[in-house]
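One chain comes next, on its own, written as structure tokens: the form predicted alone.
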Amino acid sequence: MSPDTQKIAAAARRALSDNRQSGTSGWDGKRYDFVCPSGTTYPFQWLWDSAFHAIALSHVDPALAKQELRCLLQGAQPDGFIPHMLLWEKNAHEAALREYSITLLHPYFTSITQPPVLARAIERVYEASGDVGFLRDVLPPTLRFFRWLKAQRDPDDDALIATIQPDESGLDASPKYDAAMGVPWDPPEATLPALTRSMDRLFAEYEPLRGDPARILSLDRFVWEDVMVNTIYADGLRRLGPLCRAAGYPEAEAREFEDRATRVRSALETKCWDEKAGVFWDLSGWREEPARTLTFSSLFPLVLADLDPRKAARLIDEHLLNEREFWLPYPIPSTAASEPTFDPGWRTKTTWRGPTWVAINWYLYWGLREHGRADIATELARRTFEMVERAGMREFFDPRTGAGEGASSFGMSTLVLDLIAAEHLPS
């Protein structure tokens, strides 16, 4: 029986509506109106979550999609920095500090950033709305953000940007960070406490240098060139070129970002590709040691249309479709099933160690289509619909059974609306 995409779409629209937060900030009087990831579990605004929400909202109400990004960009700073988390209300401050491993630069925003999905979200919202005024409003802080990433997160000028702590990638507890963070995977109940202690130590080392990101990187405590982050960065840079032209920017400015996109993609292929294994590895520390833990990040450059076709074919045929690694009943697991750290049942109570996330399926769906594998993309979408129909808009899913795990009514999972539209199915 085919998944009921109308039922799935209705559930996604309901989650987007139920998760809306609005009011006036208790810190500075700014109005906020956005979709939080989960009203019960994550009631704040996150950078990459809001970008995903805006893409989903473009299929519901383009005006709300524009509002999502405008609200997010109220947190953009004059130097270009955009925080990964906005805590709009004073009364939520203490709870956030208790619940999350965060440090603050200001009472309402955090000291780190998140993957720059923002550019792709702006592109999609502009395509849905045709609103050049919106584009001209949101591009200036977005261009500053991408320039900030180059200036502050690429200290060796190799085109690849680095993250300074695990949650800056959005992949907080991925086992690929275990060695660098001193986190065990066995027994499972030891993982989360060890990660919490390790994050506390990291924060203590960073605290004297929080006002100077370049000095934080020089500590070489956690300098991580993440394949997923850099793929999203390259993808965003590529999309900024046409957006600049649509907004009337000079051709030289559009070319600035497109040329940088080419350099980032080239650096990924030169520095992160492992010809023997047929995958990409993250690079750890100033010595750029390959982090050879097989996670979905190793496949992520499929998102890039200009990736070497031979490498794309190997990623798909040797790994994504490998039933011992990623092609499980409900793909794509965040950690390969062949890894000893694979935790599909969420026994460690930490994220990105095995379960499937809709946002990753969404990105790789479009990557498969970019590389002429629409048949596999359609099958990936079908299994994603089946999983979501069975379990609802959950945060993540057991890749063996499709059982829902983590938060309920989770915003990222509403990206199924975009997959439904791409597959021309009833919604």
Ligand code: GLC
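From 1 onward, residues are counted along the sequence shown. All values derive from a computational prediction rather than experimental measurement.
This protein has a second form, the form predicted together with the ligand, left out of what is shown; the following refers to that one.
The ligand contact in the model of the complex: W352, any heavy atom under 4.5 Å:
Yes, contact at 4.5 Å.
Since only the chain is shown here, I'm wondering whether E68 would be in contact with the ligand in the model of the complex (any heavy atom pair within 4.5 Å).
Because no heavy atom of E68 falls inside 4.5 Å of the ligand in the model of the complex, the answer is no.
I'd like to check something about D398: if you look in the model of the complex, is any of its heavy atoms closer than or equal to 4.5 Å to a heavy atom of the ligand?
So D398 does not count as contacting the ligand.
With a 4.5 Å heavy atom cut-off, would you call D172 a contact of the ligand in the model of the complex?
Yes - in the model of the complex, heavy atoms of D172 and the ligand come within 4.5 Å of each other.
Which one of these stretches, 23 to 31, 45 to 53, 58 to 66, 360 to 368, sits within 4.5 Å of the ligand in the model of the complex when only heavy atoms are counted?
Careful reading of the contacts points to 45 to 53.
Quick one: of L419, A9, M412, A15, which gets a non-hydrogen atom within 4.5 angstroms of the ligand in the model of the complex?
Of the listed residues, the single hit is M412.
Considering the ligand in the model of the complex, which of Q165, Q114, T110, S334 comes within 4.5 Å of it through any heavy atom?
Of Q165, Q114, T110, S334, the residue with a heavy atom within 4.5 Å of the ligand in the model of the complex is Q114.
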